[in-house]
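So this first bit is one chain, no partners, the form predicted alone, shown in structure tokens.
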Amino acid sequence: MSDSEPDRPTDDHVPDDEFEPVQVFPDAEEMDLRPGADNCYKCSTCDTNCPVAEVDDEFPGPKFQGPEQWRLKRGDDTDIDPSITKCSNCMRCDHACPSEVPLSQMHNTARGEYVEEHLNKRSLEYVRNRILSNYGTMARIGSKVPRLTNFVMGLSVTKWVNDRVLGITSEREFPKFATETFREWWDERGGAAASRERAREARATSGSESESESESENERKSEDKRVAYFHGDYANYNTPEVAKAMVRVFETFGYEVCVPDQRCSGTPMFANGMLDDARRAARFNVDTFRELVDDGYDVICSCTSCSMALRQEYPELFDFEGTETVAANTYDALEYLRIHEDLEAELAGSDVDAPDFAYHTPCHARNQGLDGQTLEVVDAIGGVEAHDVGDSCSGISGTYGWKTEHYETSMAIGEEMFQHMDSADADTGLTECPTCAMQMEHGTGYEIRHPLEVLEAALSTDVSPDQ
């Protein structure tokens, strides 16, 4: 080495003893660090795609609510930040993240921890959130006397009390209960036995059952076309026409439909941090549908939030036996038909007298990779036009937009969708999500339809209401 060259570092300072790094976070190995949190490299893509952060400057965004918060918890007993209650659970952050960080899983867990450890169980906020989370329980009571319930819930004094006492906004019209629930119609119609017979007739008409084949061969074919319908609470109590359309459409394609006992998917419970309630509902659903999957059934949902819960949130949050099996065999209704049937051929030559539609893709459909599928199906139907109103969030996010403190935020988020609907050459809305439908109707006054209803009309399932 020449005298002009700078000194180079040497290893003379390293002791002979084996080096032992300082354990900065001594309890870290005992904590749930949410696998994937360290994959976040702070690009902030989730924050820029968060609809709440876009309109609420005080909301720190999904990056803080997820990986940042879990990193903080490694070193000390940092409490969950109360701003977690401002997260709407739209799950757009999951879809946006380039590193596949399980953001919504972190948010759901954080909300559950916040509710369990910091929310007073005697507070009106907790009571309100528990009521909204367990809509199925209230709906089961209200649907016993639907006309009376609809009248009472529509009264100004009822809205005022709900708003001022419970914090359920008076700005919205409470969804009306049907005079006959879907399950009442299903039982009156003849249940699974009637569906089996209608599916058999459809297969015989289409030629999928051959007279030259043995009865056992035809029976084997029928066993390949069996689906278990997860209808959810809203389709049962409020929009049974959607559930009926689902049954009729699948029977038209020769599928035997069964409708087992079930609980709420848990989506509103996740969004409100009621994880104990969600766990009970999920366990019941997994136990029920696992047995059907083992018997050769696939699970079909007409609501994209329900399919999202069974496919993603259940395996992320719970480890019941059969959870992964149910998740792997759950499908959105249109998705399933596009996979297993030649929809384009079936719809060729169809001619439906229907209005033009302004179509909104639910965030939970987008998160499952289902954005665009409804437009493709509708494009194949003669006489029907559907205009995409963009990729904005509707803003209601289930129970989120029903809370008085979130109502203005909800409407601000939905403003872009409202404007696109108004500018579209249509005056009827179209979407798969029942709460998105509420927001679309609330913001524009349009009547809202479900894609399955349009598909039913296109397939000419000309039946009387009781069929």
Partner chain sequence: MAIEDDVLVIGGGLAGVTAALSAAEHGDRVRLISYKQSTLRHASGLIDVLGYAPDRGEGESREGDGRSEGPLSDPFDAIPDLPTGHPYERVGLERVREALLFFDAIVGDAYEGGHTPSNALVPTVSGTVKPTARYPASVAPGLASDARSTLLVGFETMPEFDAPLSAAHLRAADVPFPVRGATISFPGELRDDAKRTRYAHILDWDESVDTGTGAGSAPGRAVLAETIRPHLEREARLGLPAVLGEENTGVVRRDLEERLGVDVFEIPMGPPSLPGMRLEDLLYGALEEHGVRVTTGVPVVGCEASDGGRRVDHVLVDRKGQEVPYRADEYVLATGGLVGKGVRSSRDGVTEPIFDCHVPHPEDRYDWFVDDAFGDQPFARFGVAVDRELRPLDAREKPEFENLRAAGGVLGGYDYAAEKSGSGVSLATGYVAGRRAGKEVRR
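Keep in mind that what you see is a predicted model, and the values were worked out from it rather than measured. Positions refer to the first chain, counted from 1.
Beyond the structure shown, there is the form predicted in complex with its partner chain, which is absent from this document and is the topic of what follows.
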Which one of 197, 342, 321, 276 is close to its partner chain in the predicted complex, taking close to mean a heavy atom within 4.5 Å?
342
Looking at 373, 129, 252, 239, which is the one with a non-hydrogen atom within 4.5 Å of its partner chain in the predicted complex?
373
Which of 156-164, 187-195, 266-274, 91-99 has heavy atoms within 4.5 Å of its partner chain in the predicted complex?
91-99
If you check in the predicted complex, is residue 435 within 4.5 Å of its partner chain, heavy atoms only?
no
Heavy atom of residue 308 within 4.5 Å of its partner chain in the predicted complex
yes
Looking at the partner-bound form in the predicted complex, is residue 328 within 4.5 Å of its partner chain by any heavy atom?
yes
Contact flag, residue 49 vs its partner chain in the predicted complex, heavy atom cut 4.5 Å
yes
